[in-house]
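This document opens with one chain alone, in structure tokens, the form predicted alone.
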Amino acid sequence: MNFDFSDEQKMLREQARKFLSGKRTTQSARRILEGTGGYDRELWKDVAEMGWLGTAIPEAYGGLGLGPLELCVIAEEMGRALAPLPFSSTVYLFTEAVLLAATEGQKRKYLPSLARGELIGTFARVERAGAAAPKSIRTSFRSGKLSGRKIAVSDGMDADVGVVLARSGDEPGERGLCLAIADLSGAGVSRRVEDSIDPSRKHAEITFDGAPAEPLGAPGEGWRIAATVLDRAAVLTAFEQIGGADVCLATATEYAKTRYAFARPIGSYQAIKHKLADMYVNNELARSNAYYGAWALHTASAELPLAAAAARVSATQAFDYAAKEMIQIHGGIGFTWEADCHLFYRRSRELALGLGAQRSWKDRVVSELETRNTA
């Protein structure tokens, strides 16, 4: 079985890397970090013109009609470039939810605008710190109106529309949950910026007070659809994390070759060699799990929940370790504002929490393996 990407997909990767490298994306991220803007609007426009926002959207709805493998390639390059864009919340979450559960009318309403970059989307799930659980959902959706509060909504300040996980009835647990699409600029919606370690991916607290919304998917199917969307997003995010981790390794390696201490390159010292070797091993393990996830996503395999959780855990650990060790290898300068090290560390922490705590994904790996072994 060949888990590698095709020549066409590798060409797409090279084109994306070349395009993003010329956009000085780390400088854009730094400007946003210093408080000038919510995201790079010019880059967003360019990315839309390249067709990347519609990579997995069928041609009938204005997209490129490619697939999840091509989207994985783009996600990795977004991670390498630290692109300060609402790409993941729009493409991995909102667009995937629409593709999975929307009616034909909803697809024609939203997908063309998403592909053209005219809409920014997000997914509002969490209502209290920690992983979202059915019993924690108190936001209600009744008679076409949303009422409740969501926290830690990724790109929530810039999003135009959002998928909201809500309770549609009095049934307990998963059976009473549904999804709804709300206009986040409309009546009955208020937003507040939340502090985030990576302001280039701003988070928001969103309050709904009788806000008009439309159902997405069947009543009682909200939790199942949300879980599937998160599985798909976990694979794509894993590729984004791998892209960032690879840059951390390459940057740290180059610095270790050129920085001298006691008349020797610091890379010649055993302690530095071990750090770089561990970074490499972690990155390769994460990549192998991400490829497994990409295969499961592409083939719509029943193994997707396990593959997604494994990719999520290993990629989060790899990026977190690589970002921290890059700072350590750079020494004192690695802790300064002028160095880019902190940009990668910030992004690693943001991605580590964006889809739920690491603990919940580890538990998912265990539960999926137990299910498979007892089947």
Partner chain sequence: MDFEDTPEEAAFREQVRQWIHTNAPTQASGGDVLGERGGGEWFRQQRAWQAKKAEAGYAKITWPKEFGGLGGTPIQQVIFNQEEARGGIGGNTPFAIGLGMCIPTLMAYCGKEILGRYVKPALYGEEIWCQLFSEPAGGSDVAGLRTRAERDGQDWIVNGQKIWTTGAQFSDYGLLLTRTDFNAPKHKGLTMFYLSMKSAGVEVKPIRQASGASGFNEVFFSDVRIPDSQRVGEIGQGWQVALTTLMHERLAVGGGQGGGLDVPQLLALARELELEDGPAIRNASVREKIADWYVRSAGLKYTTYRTMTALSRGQQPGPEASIAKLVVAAKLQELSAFALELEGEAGALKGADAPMHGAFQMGWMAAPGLRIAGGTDEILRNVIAERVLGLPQDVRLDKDVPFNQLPSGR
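Positions refer to the first chain, counted from 1. Note that the structure is a prediction, hence the values are computed from the model and not measured.
Below, we turn to the form predicted in complex with the partner chain, even though it does not appear here.
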| query | finding |
| --- | --- |
| Heavy atom of each of Y280, E284 and A310 within 4.5 Å of the partner chain in the predicted complex | yes |
| Contact test in the predicted complex: E8 vs the partner chain, heavy atoms, 4.5 Å | no |
| Partner contact for S314 in the predicted complex: the partner chain, 4.5 angstroms, heavy atom | yes |
| 4.5 Å heavy atom contact, G267 and the partner chain in the predicted complex | yes |
| Contact test in the predicted complex: K23 vs the partner chain, heavy atoms, 4.5 Å | no |
| In the predicted complex, the one of V47, A56, C341, L306 near the partner chain [non-hydrogen atom within 4.5 angstroms] | L306 |
| Listed residue (K135, R192, R108, K257) with a non-hydrogen atom within 4.5 angstroms of the partner chain in the predicted complex | K257 |
| One stretch from 177-185, 140-148, 230-238, 248-256 that, in the predicted complex, holds residues within 4.5 Å of the partner chain by heavy atom | 248-256 |
| Partner contacts in the predicted complex for 282-305 (non-hydrogen atom within 4.5 angstroms of the partner chain) | N282, E284, L285, R287, S288, N289, Y291, Y292, A294, W295, H298 |
